[in-house]
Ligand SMILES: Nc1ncnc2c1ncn2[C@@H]1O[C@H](COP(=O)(O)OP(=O)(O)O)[C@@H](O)[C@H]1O
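Only one chain comes next, encoded as structure tokens, the form predicted on its own.
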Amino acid sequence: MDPVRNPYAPGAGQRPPELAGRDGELSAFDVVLERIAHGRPERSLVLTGLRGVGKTVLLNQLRSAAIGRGWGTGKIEARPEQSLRRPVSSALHMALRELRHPDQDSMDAVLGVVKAFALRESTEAKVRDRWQPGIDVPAARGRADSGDMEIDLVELLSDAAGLAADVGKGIALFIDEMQDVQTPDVSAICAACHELSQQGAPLIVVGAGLPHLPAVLSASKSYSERLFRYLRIDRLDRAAADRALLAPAEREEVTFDPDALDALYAAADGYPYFVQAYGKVTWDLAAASPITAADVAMAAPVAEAELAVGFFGSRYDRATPAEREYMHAMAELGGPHGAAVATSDVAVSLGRKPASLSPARDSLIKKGLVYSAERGQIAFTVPHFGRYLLDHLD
């Protein structure tokens, strides 16, 4: 098979050639956009799921849908050590430019608020960390510059939404890795979404994050479970996984034997990233169309070796020896499918007191390697990570 024509695209946030199995989520977002266009109140959205299920891809597709309707959009990727002031300011600046409001004075007034919000840094910020947004208007005074993130974000987004309402459009702010937003900023986002929903303002937040994101939001504001619409993004079912492989191949006049599709689904387990990874290697090693189960059998070890280095190994390498010990214990307790395990069981397995393991567990959570599935439970954020660890026990 010609590797130049290989249609499969495993990559972080990279859109696959066929976005299969997400029609329900795309349709639901179309309804949100349509309702807001007609002045109907609508909740912001939150996508949750493990790594490799395509949350970022879907987030980008939702953004494209909003752009297609003439909305202003901006996207940020949250980082644990970073305040949202700078990224939100940049994203909102982009969204306002996309709106193309005909009244420059009105636009400048809101841009001045964006600049004031951006420049209101913490008094502890170092000189080298000071930042000047690329906005050629004076910063507003007395608006979004109090230093209280909750107050400032409500004022900022309210003003931006008013500008969008003037032109009969909306604004969508997309936040990837939302579980990494700092606690005060999570509270501010919830408060702003609450205020905007009460106003019926045409501005929504669309977040994506790991499975514990709803708990992060709920811990910040008790009403968050009613504030957002939560969409769980999971593995592809068999029909969708087959479509993800067959549709791009058939555009290249290539097809798969049914047995090959069986083998690929068993290997990838329906996870979109793995579907692309196994599909790409199988294509490269197959001699001709149709691709057979024998081709998959030859390709599987190669694909697994690549995943062991790039997908699993790169994450494992970030862990300290104590954190690796903790994860190995999780893998032995949870088995190859990576089931959630009790933190107390991990402590028993390691012959330690639970309190002594808290630093390792908390650090793994901050690094995005594990998450608290529910109180007293812990699980891997990466599918098949338990299997990888069991195969690579020190």
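Predicted model, so just to flag it, every value in this text is computed and none were measured. Sequential numbering from 1, following the sequence displayed.
Same protein, other form: the form predicted together with the ligand, not shown, and the subject of what follows.
Peer 1: Quick one: does T56 come within 4.5 Å of the ligand in the model of the complex, counting heavy atoms only?
Peer 2: The answer is yes: T56 has a heavy atom within 4.5 Å of the ligand.
Peer 1: Using a 4.5 Å heavy atom cut-off, state whether G386 contacts the ligand in the model of the complex.
Peer 2: The answer is no: G386 has no heavy atom within 4.5 Å of the ligand.
Peer 1: When the contact criterion is heavy atoms within 4.5 Å, does W71 count as touching the ligand in the model of the complex?
Peer 2: Outside the cut-off, so no.
Peer 1: Quick one: does V382 come within 4.5 Å of the ligand in the model of the complex, counting heavy atoms only?
Peer 2: V382: no, not in contact with the ligand in the model of the complex.
Peer 1: Is it the case in the model of the complex that I76, R86 and L119 each bring at least one heavy atom within 4.5 Å of the ligand?
Peer 2: Per the other structure, none of I76, R86 and L119 touch the ligand.
Peer 1: Among the candidate residues H328, R63, R361, R51, which is the single one with a non-hydrogen atom no more than 4.5 Å from the ligand in the model of the complex?
Peer 2: Filtering the options by heavy-atom distance leaves R51.
Peer 1: Tell me, please, which stretch of 167-175, 236-244, 298-306, 88-96 lies within 4.5 angstroms of the ligand in the model of the complex when heavy atoms are compared?
Peer 2: It is 236-244 that comes within 4.5 Å of the partner.
Peer 1: Within 1-30, which residues have a heavy atom closer than or equal to 4.5 Å from the ligand in the model of the complex?
Peer 2: If the 4.5 Å heavy-atom criterion is applied to the ligand in the model of the complex, 1-30 yields A9, P10, G11, A12, G13, Q14, R15, P16, E18, L19, A20, R22.
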